[in-house]
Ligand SMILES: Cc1ncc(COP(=O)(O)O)c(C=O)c1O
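The chain that follows stands alone, in the form predicted alone, written as structure tokens.
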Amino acid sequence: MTDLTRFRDDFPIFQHTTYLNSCSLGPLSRQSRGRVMTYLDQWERRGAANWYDVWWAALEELRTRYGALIGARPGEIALHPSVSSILGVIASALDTTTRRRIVTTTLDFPTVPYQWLPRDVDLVLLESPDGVSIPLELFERAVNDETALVVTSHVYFTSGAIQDIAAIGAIARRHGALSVIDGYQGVGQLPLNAPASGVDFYCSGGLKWLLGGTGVCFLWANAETTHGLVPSNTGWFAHKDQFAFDPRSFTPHDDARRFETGTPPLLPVYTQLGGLDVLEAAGAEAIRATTAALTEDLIAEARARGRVPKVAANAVDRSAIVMLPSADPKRDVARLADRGFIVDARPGHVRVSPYFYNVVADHRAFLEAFTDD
């Protein structure tokens, strides 16, 4: 396994904190801080003149590097400030008058069903039999020829279980439906080749494993299956000739930028470019191997201490999200923060998420503090 501990010094938070909460917010790197300072210097010195060269180039750089991260071309990437924005644009492009069924699950982040609950559609929420994952046969039963969209997660935020997104994409495709994968808890900690996955849309963002902070997300749109969609929720960045400033006509971009809306926020773009500097230097396969080893050690140590982590049964289906039962998660998280351990609270559980810059001593010390009540 590649030793990635050299990247630990890139994150100043480790100087005073044991950080085990990357699935909520990736820590700030020196690279991201440096990129942000560059952006602020540009803004201070040149103001709007930056748009004509460096800021426009930064947007294109981010589309290119997001694409490279998931094996896609820059023209298949659209930029957004949030996954909610992305889902709203996709929803606005669908004709649900004949295909009214939308299939998702109760394990997905609420952003996903919230997009559909106010709409005039037939929303199907699949229930998990174990609170960890959704068997593929439940998708098979729910998806039919009246289904417009299957939208679910690559990794469930509720359990860390990894879904077989290729199988889900195939189920949707057999019935003429589209598939959307919310990859916020996936890409970054998991290597991905989006075009080979067989899904139609994949989205994620900088907040967590991509180390880019808030306000920056991307949508990968399969050029072969989504090009004919024209969103009604749109903006000037989706216009093919946006600088014509013509209020009388709208022609969408030929590529995935047809799914964009308004002006992207530049400061988060620069923060994300710094995060990608770190991820690219570490390497996707090395990150996955290192993070998986840390996760398995955390699970084994928790079990040895009498804890029963809520995780997928098989290691291959586990990501770096470990749910540890707690009678009072908010109290435990606050108590642990006072002792220098940053984790998170979810209903009935303390959620722990090691990443490639962590070391075994981090989670073992956390477990000692967690048990010492």
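Note that residue numbering follows the sequence shown and begins at 1. Bear in mind that the values here come from a model prediction, so they are computed numbers and not experimental data.
Although not depicted, the form predicted in complex with the named molecule is the subject of the following passage.
Trainee: Which of these stretches, 129-137, 172-180, 292-300, 202-210, has heavy atoms within 4.5 Å of the named molecule in the predicted complex?
Mentor: Every other range fails; the passing one is 202-210.
Trainee: Among Q185, T271, T105, S197, which has at least one heavy atom within 4.5 Å of the named molecule in the predicted complex?
Mentor: For this set of options, the contacting one is Q185.
Trainee: Tell me, out of Q242, S82, T96, N222, which residue has a non-hydrogen atom within 4.5 angstroms of the named molecule in the predicted complex.
Mentor: None of the other options qualify; the answer is S82.
Trainee: I'd like to know if F157 sits close to the named molecule in the predicted complex, meaning any non-hydrogen atom pair within 4.5 angstroms.
Mentor: Taking the distances in the predicted complex, the answer for F157 is yes, it comes within 4.5 Å of the named molecule.
Trainee: Hey, in the predicted complex, does F250 get a heavy atom within 4.5 angstroms of the named molecule?
Mentor: Flag for F250 set to no.
Trainee: For W236, is any heavy atom within 4.5 Å of the named molecule in the predicted complex, or not?
Mentor: No - in the predicted complex, heavy atoms of W236 and the named molecule never come within 4.5 Å of each other.
Trainee: Answer yes if any heavy atom of Y114 is within 4.5 Å of a heavy atom of the named molecule in the predicted complex; otherwise answer no.
Mentor: Y114: no contact with the named molecule in the predicted complex.
Trainee: Where, within 96-110, is there a heavy atom within 4.5 Å of the named molecule in the predicted complex? Residue list please.
Mentor: The one in contact is F109.
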